[in-house]
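In the form predicted on its own, a lone chain appears below as structure tokens.
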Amino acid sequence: MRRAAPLLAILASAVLVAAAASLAVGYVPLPLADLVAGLFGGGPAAPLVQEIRLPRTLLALAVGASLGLAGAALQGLLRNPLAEPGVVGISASAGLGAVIALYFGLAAAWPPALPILGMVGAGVAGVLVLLLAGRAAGVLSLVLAGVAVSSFAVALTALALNLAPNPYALSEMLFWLLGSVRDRSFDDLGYAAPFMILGAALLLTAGRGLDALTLGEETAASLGVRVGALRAQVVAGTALAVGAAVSAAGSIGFVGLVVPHLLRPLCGHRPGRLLLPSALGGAILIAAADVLVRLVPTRTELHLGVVTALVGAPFFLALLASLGRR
């Protein structure tokens, strides 16, 4: 932990800087004095800061932390640097749950329906993956089960889009799937935060088992690690954290792939030591991307999922080419 302390301090400082930038940048310029006063409940800027910018900033940090942490945990579990939450079908299934809430008008009638159904979709995906893979399944079975669940969820999502009852419903589902933390409130954060925290706790406590797993499943079992229970813990933690993140902010990809890969060399290539830095790195990435979408001069604000895909897709190809050369 002593070796990790400087890295954690640097990342924590960067999180604070990214949060400050997220609060300061917006379509309405605010003097620093008004921003600080509004943050603590005083001055004319208080409603803007506390009701619009603060929940958006906190949600961006929470979503990024959940995605980065889940990506690091899955890469440790699957022992594959190309793994990320979409591999086990959780992101696509959470998106399907939210699309169902929008398709049937449940979100309009009762706003909590969207995050609740998103998390239900993620939970169902986690259970299905574990059931399909089997109790004593290996990494390949887990990945294949995840691919099957993800493909089915994507197909059902496409079916819902194809059968959208009206153009407004179609645009609402499409814009939500692109991912964004714009126009979110403390209610959205409140629905998702407990599940993100519970999922993060499950993932962070899996560090010792993930370190042992780098030696192989048989060696890890000889060291007292219950590999089946570890696998279920990581999948459940990912379902909770990523399901809550997707249900609150839509589909935002590549964070769980890019952040752990960038930080892994700084953590001694130990999966357990990579978990917390990846959470902080994910928070920085999403907060910075959310600042960027507000600075880009476009007619309509870019969505976070678009920005992360534009950055993550070339990164993924470069990583794949690098692994191929090795």
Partner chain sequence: MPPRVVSINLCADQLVLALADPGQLLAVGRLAADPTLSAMHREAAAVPAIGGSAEEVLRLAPDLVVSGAAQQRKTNALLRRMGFRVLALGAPDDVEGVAAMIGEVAAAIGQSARGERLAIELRAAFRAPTDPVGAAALVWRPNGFVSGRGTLSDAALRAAGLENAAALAGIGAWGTMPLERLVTSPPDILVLDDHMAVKSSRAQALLVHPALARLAPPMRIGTVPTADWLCPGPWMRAAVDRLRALAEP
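Because the structure is predicted, anything quoted here is derived from the model rather than measured. Positions refer to the first chain, counted from 1. The term rigid core refers to the maximal set of C-alpha atoms that superpose within 1.5 Å between the two forms.
Unshown form predicted together with its partner chain; subsequent notes refer to it.
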{"query": "Stretch in contact in the model of the complex with its partner chain, which is absent here, among 231 to 239, 78 to 86, 115 to 123, 97 to 105 (heavy atoms within 4.5 Å)", "finding": "97 to 105"}
{"query": "Residue 35 within 4.5 Å of its partner chain in the model of the complex, heavy atoms", "finding": "no"}
{"query": "Touches its partner chain in the model of the complex: residue 217 (any heavy atom, 4.5 Å)", "finding": "no"}
{"query": "Residue 208 within 4.5 Å of its partner chain in the model of the complex, heavy atoms", "finding": "no"}
{"query": "Residue 186: touches its partner chain in the model of the complex, heavy atom cutoff 4.5 angstroms", "finding": "yes"}
{"query": "Its partner chain in the model of the complex: contacted by all of 26, 48 and 52, heavy atom 4.5 Å", "finding": "yes"}
{"query": "Rigid core fit then residue 248 CA moved by 2 Å or more between the shown form and the other one", "finding": "no"}
{"query": "Cα displacement of residue 102 between the shown form and the other one reaching 2 Å, rigid core superposed", "finding": "yes"}
